[in-house]
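Below you'll find only one chain, the form predicted alone, shown as structure tokens.
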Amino acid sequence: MAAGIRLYVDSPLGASTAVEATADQAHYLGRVMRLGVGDPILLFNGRDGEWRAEITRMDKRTAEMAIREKTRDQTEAAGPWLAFAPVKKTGTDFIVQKATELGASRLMPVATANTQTGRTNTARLRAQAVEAAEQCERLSVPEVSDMTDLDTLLADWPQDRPLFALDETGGGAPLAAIAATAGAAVGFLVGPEGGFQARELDRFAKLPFITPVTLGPRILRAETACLAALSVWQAVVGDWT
């Protein structure tokens, strides 16, 4: 039996309703996982909780699933936002996957002065987030924003959401100490492989909603810094507690 297989769907979920799988989902269920009519599956949409369903129709391109019962209510709390400078394709995919597992509620690619990647494929990154949410048993999928520039990010940032900028020069306060006084509605800003430029750090110091923080004496790769920041938050004020 394959009751542990989960799929994210856009359709409303409720008792005694049916859900049509996408072509990609039907291929995954039938060709990859070798499932067929009568096999169980778990469905979630980020709004209605998680539901156990049963495959009632399957062919090469389509599948239909009948919802049987609710397995979990929609109780997942919102997590922090992560604004990050994209790196190479594989590294960016890794950031999205692991940030989803670590509870980020919004992922925001941002171009800084030293960012080497000029664009991102939002649809592909969202697919990575969906797959990670399916596998880690989240009840929601983080929002994935289109790539923006640093000026726009800071201009649009909500003033009531503290933003912790990871300062690789060591000029900030230890993140664990700062996080202990913060709640769930926070954000992290992680720079590119070359770090933030001095003028960017100077600008951060003038904005009341930004707090420069440090993750210690070692210079971390951008991917590592993203995951370390989220891990510290989870350990101090998140659902790991």
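As the structure is a computational prediction, the values presented were derived from the model and not from experiment. For every residue, the number given is its place in the sequence shown, counted from 1.
Beyond what is shown, the protein has a form predicted in complex with S-adenosyl-L-homocysteine (SAH); the following relates to that form.
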| property | result |
| --- | --- |
| In the model of the complex, Gly30 touching S-adenosyl-L-homocysteine (SAH) (heavy atom, 4.5 Å) | no |
| Any non-hydrogen atom of Leu215 within 4.5 angstroms of S-adenosyl-L-homocysteine (SAH) in the model of the complex | yes |
| In the model of the complex, Leu230 touching S-adenosyl-L-homocysteine (SAH) (heavy atom, 4.5 Å) | no |
| Heavy atom of Pro192 within 4.5 Å of S-adenosyl-L-homocysteine (SAH) in the model of the complex | yes |
| Option from 97-105, 119-127, 136-144, 164-172 whose residues, in the model of the complex, bring a heavy atom within 4.5 Å of S-adenosyl-L-homocysteine (SAH) | 164-172 |
